[in-house]
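Below you will find one chain, with nothing else, as structure tokens; this is the form predicted alone, and questions on how it binds or moves follow later.
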């Protein structure tokens, strides 16, 4: 073997290790660039409505993208994923009201509670087949919602957590200040999306795709399907809970609607709007839904009818989400241009 062949062989062996590292570095740079752009928005646009809109996008975007880890990547259609959004909001709010611990401690403690709840619920649900999984998760969500309504002394019942959520400053950050809350929400959004993208592009993410396409075949080649499903169920719950924490900080409270089945319905709707085959589809769907809600509710009292028409357009007309349609259209155009060339 010549020195040149030996060098080429070494480069070939190093390539599988170099590519993931390059991709990770690229993702880090993109995440930092997005955060910088979002952080500079208040300096360019002084509208408080824009800040509120981005905070809401951060909350619902994390929730919807975490749901897509189940729906789009694993093939688990959950009708009860909103329970973790509500659990994050109530867990964080109660922690701050009852204990007065610093915000970071309450944040970590809420995620720990979500982890154990998701572990128990997931251990039961992921054993079930498609439709049974969907409805048992919905049953657990309704159980949590009923508990919130009935445990009035703790949760405030149908009035929600009253009196606001204390937000003592920490490390120079005051989340009672809208700008500080905006920056913190953007940071949580970017970090959450970065971590979920790394999960989706990791070997574990491709294992989830294999399970989605053919779980029986995946088990035949030695994959522990139950453990993989449980792992992604718990991870998705943690990101959804983070979205609930952001929403609780935004409204300075928590309400039973945060844990109602309609939240899960909105998550499914967002994924239908944006698309489930692209990672950024749920974020695009989140922006579209919030714009639709804000616009339609100002123009007409029949906002439910308008949103229903939009759903029918995407479900029957396009038969895919907006990002799915755009990616498919771009691929077809590129292929046709290549054939002409």
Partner chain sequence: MDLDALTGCLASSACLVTQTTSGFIIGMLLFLVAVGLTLIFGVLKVVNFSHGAFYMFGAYFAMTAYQLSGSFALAMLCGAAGTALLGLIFERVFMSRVYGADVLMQLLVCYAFVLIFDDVVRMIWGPEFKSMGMPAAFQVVPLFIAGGVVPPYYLLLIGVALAAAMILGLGLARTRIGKVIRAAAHNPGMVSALGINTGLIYGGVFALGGMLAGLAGALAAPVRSLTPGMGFSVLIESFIVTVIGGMGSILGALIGAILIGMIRSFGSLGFPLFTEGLMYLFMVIVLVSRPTGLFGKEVA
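Bear in mind the structure is a predicted one, so any value in this text is a computation, not a measurement. Numbering follows the first chain given and starts at 1.
From this point on, the text means the form predicted in complex with its partner chain, which you will not see here.
Undergrad: Just one of 50-58, 309-317, 280-288, 28-36 has heavy atoms within 4.5 Å of its partner chain in the predicted complex; which?
TA: Flagged stretch: 309-317.
Undergrad: With the cut-off set at 4.5 Å between non-hydrogen atoms, does residue 131 touch its partner chain in the predicted complex?
TA: Residue 131: yes, in contact with its partner chain in the predicted complex.
Undergrad: Using 4.5 Å between non-hydrogen atoms, is residue 143 touching its partner chain in the predicted complex?
TA: So residue 143 counts as contacting its partner chain.
Undergrad: Does any heavy atom of residue 107 come within 4.5 Å of a heavy atom of its partner chain in the predicted complex?
TA: Residue 107: no, not in contact with its partner chain in the predicted complex.
Undergrad: Just checking whether residue 292 would be counted as a contact of its partner chain in the predicted complex - the rule being heavy atoms within 4.5 angstroms.
TA: No, residue 292 stays farther than 4.5 Å from its partner chain in the predicted complex.
Undergrad: Counting non-hydrogen atoms within 4.5 angstroms of its partner chain in the predicted complex, say which of 177, 202, 150, 219 makes the cut.
TA: Contact residue from the list: 150.
Undergrad: Looking at 206, 115, 170, 261, which has any heavy atom no more than 4.5 Å from its partner chain in the predicted complex?
TA: Only one listed residue qualifies here, and that residue is 261.
Undergrad: Using a 4.5 Å cut-off on heavy atoms, which residues of 100-137 contact its partner chain in the predicted complex?
TA: The stretch touches the partner through 124, 127, 128, 131, 132, 135, 136.
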